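Below you will find one chain, with nothing else, as C-alpha cells; this is the form predicted on its own, and questions on how it binds or moves follow later.
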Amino acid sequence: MQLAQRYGFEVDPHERIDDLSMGERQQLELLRLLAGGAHVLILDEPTTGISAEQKELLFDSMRTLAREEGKTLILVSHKLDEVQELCDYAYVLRKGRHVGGRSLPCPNPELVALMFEQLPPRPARRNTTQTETVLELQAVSVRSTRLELEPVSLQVQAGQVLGLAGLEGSGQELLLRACAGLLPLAAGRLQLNGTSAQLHWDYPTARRHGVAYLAAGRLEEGLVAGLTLTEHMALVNKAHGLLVDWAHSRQQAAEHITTYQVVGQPESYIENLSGGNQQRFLFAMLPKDLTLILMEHPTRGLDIRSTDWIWEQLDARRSTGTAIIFISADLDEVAARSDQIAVFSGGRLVRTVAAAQTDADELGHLIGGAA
C-alpha cells in the first residue's frame, strides 16, 4: 500500500487477481518489481489492453522512476508515439537483427523505415453501402459481479464496423460477451437477422447463427496451450467422421500458414508463436461465411504492418456483408477503423457518434464523462 500510494496506484490488497482488470494487473506487476528492489526494469508492451487513463498513470510512474529515483527503464513497444513520449533513445530490431537507432524525439517515419526497410503503404479502406440490419439490441442490460450495464439500444448493419470505446470496466466488455452468448441478458432483447434471441442465447447458438468471438486473451480463451497448429485445425474442422482425419488437418494448417503468413509449422505448439502470429492463426480458424465478428483488442501488441494486415482481412469480410463490433483501448484505432462508435462510461452508453465526425481527443473527453 505504501508503494501504491507513492506512485498513485489504486490497489486493493484483498482483491483476487482474477477480478483485476488488465491495467490493475500491470500496476501490481510493477509494484512487485519495485518491492523486490529492482533497479533495471524491462517493460514489454506495458500499455497493451489498458485504458488511456491507466496509461497516463503508468507513464507518470515510469518518469518518476527514471528521473527522480535513477532507475533504468527499457521499453519494448510497437507504439511509436509512446516510444517518442517516454524514451531518450530507440534501438530498432528487424528479423532478429539490430538495424539502427535514433536519439529521440525524431520523426516517426524514420523509425518505421528502419523497422520495415521502407514505409509500408496504408491500404485504402472500403466503403460499405449495405443497409440491412444484422444485429439489433433493444434495451439490453447485462450484469456481472462488479457492474450492471444500463439498458443499451443499438443497431448494426451488414458490413458496418462498430467500435466500442471506454475505460476498462465501463460495460463494453459485458455487452460484447452478451452478444456472443457468453453472458446472459439481464433484460431486453437481442435480434440477429430479425430472429429474436431473448431466451436461450448461448455461445453454441451464436456460432450456429454465424457469430464469431475473438477474445483479448489469445491463449486464455482463444487458443489452447499445449496443442499444435494441426490439432487446432482438427478442433474447428466440421468434416470429421468418427475419426479425426489428421492428414487433412495438417494440410489445412499448412495452407493457412501460407495464406495468413504465420511464422510457424503445422507441428508448432501454439504457445511458441509470437502474439502476432497467434492472432493471425486465430483469424485463420474463423469460418468463411460469418454474419457478425465480435473482437476484444484485435491488434493488441501488434506492429504497424501486422495491424494493417488484420484490418485488410476484416475489410475483405466487410465487403461480403459481415458486420464487425470491436473493443480497443487505442482510441486512434477506434476512430480510424470504425464507421460508428459507441462510447461507454461508468456502466452506461453515453453517446453514439459517426467516426468521420470525431477523433481520439473528443472520444477521450466523452469517456471521461464530458458532455
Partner chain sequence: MSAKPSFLQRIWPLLPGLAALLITTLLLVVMGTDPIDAYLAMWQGAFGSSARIYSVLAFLVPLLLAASGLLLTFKAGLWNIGIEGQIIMGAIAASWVALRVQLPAGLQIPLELLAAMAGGAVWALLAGVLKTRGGVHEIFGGLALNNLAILFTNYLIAGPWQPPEGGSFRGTQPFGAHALLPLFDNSRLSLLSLALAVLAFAGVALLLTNSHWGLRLKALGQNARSAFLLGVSSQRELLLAMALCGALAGLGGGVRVLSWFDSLRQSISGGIGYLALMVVLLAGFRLVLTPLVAFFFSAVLNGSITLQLRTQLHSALGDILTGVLVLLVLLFGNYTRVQRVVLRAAQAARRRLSDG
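Fair warning: this is a prediction, and the values are worked out from it, not measured in the lab. Residue numbers count along the first chain shown, from 1.
Another form exists, predicted together with the partner chain; not displayed. Remarks below refer to it.
Residue heavy atoms within 4.5 Å of the partner chain in the predicted complex occur in exactly one stretch of 97-105, 224-232, 253-261, 165-173, and that stretch is 224-232. With the partner removed from view, the residue among Leu86, Leu73, Met285, Val92 that has a non-hydrogen atom within 4.5 Å of the partner chain in the predicted complex turns out to be Met285. Note on the partner interface in the predicted complex: the residue among Asn193, Asn272, Gln155, Gln265 having a heavy atom within 4.5 angstroms of the partner chain is Asn272. At the 4.5 Å threshold, heavy atoms of Arg177 reach the partner chain in the predicted complex. Within 4.5 Å of any heavy atom of the partner chain in the predicted complex lies no heavy atom of Leu290. Taking the partner from the other structure, the partner chain in the predicted complex has a heavy atom within 4.5 Å of a heavy atom of Leu219. Contact check for Arg207: a non-hydrogen atom falls within 4.5 Å of the partner chain in the predicted complex. Along 136-167, a non-hydrogen atom within 4.5 Å of the partner chain in the predicted complex is carried by no residue at all.
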